[in-house]
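Below you'll find only one chain, the form predicted alone, shown as structure tokens.
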Amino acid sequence: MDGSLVGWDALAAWYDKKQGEEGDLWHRSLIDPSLIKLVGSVAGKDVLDLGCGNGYLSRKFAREGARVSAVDASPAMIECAKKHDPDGELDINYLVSSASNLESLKDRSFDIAYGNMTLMDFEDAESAIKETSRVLRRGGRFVASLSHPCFDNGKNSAWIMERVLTDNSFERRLYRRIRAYRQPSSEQFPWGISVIQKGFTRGYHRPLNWYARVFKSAGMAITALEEPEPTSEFLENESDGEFLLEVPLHIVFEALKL
């Protein structure tokens, strides 16, 4: 990793530029539509953005009338988010904090919490889920998107394409290969900063039953689940877009605070 950028603080400026005000291609045209649908109406509600990054969704929901608190463990990322609203007109409460320890946030103070592609970045995701449950009001909802544990497990997953002879012609068949699904694991994931530089952040794989157990233990019940499908924009601009028509690489779920 010599010469590479490691960790979200080091990647903050690059990631901010990449996400901009609407999210990059993968977010705005693949992942976000399902997450935004499950979050639903936010007007007049207290909303927690867990792992806010450059805050583009925080700003979107604030403009829709939400009272937003945006949390990120990276001070540099929070500074990038604040620069998008230098006069504080949106009145977003930014907080540098680990998601696993939200001690500055009061019990039962939020109607909705969401984590957009962040749960798999948290080393202590169990504590983050329990803390989120603590700050949600009864009947509040936690919406989270993440890499699909069944199909996207870092170096333990890959695409396989075969040409199969059927009825005197060749048919292309696409498969998703995965191994070590049951075992929680972590690895450094690469980001293509430029043609000569890479960045790395650590990600964590956990099987679906791990999430189900932890949410139940935290007093929440999973009530909705989506596997985002590519939009027309995504298919037009991403060469691998057609692959995701067959196999989803992301999952979005809603959990209700009981």
Ligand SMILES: C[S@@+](CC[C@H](N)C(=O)[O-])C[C@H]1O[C@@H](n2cnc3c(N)ncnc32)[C@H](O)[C@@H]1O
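We number the residues from 1 along the sequence you see. Note that this is a predicted model, so its numbers are computed, not measured.
Heads up, the form predicted in complex with the ligand isn't pictured, but that's what we're talking about next.
Undergrad: Find out whether any non-hydrogen atom of G203 is located within 4.5 angstroms of the ligand in the predicted bound form, and reply yes or no.
TA: G203: no, not in contact with the ligand in the predicted bound form.
Undergrad: Answer with yes or no whether T118 is in contact with the ligand in the predicted bound form, where contact means some heavy atom within 4.5 Å.
TA: Judged by the heavy-atom cut-off of 4.5 Å, T118 is in contact with the ligand in the predicted bound form.
Undergrad: Mark A70 yes when one of its heavy atoms lies within 4.5 Å of a heavy atom of the ligand in the predicted bound form, and no otherwise.
TA: Flag for A70 set to no.
Undergrad: Even though the ligand is not shown here, does H27 get within 4.5 Å of it in the predicted bound form, heavy atoms only?
TA: H27: contacts the ligand in the predicted bound form.
Undergrad: Name the single residue among S185, S98, N93, Q188 that comes within 4.5 Å of the ligand in the predicted bound form, judging by heavy atoms.
TA: Selected residue: S98.
Undergrad: So if I measure heavy atom distances to the ligand in the predicted bound form, which of the stretches 229-237, 211-219, 37-45, 52-60 falls within 4.5 Å?
TA: It is 52-60 that comes within 4.5 Å of the partner.
Undergrad: Is any part of 216-230 within 4.5 angstroms of the ligand in the predicted bound form by a non-hydrogen atom, and which residues would that be?
TA: Not one residue comes within 4.5 Å of the partner.
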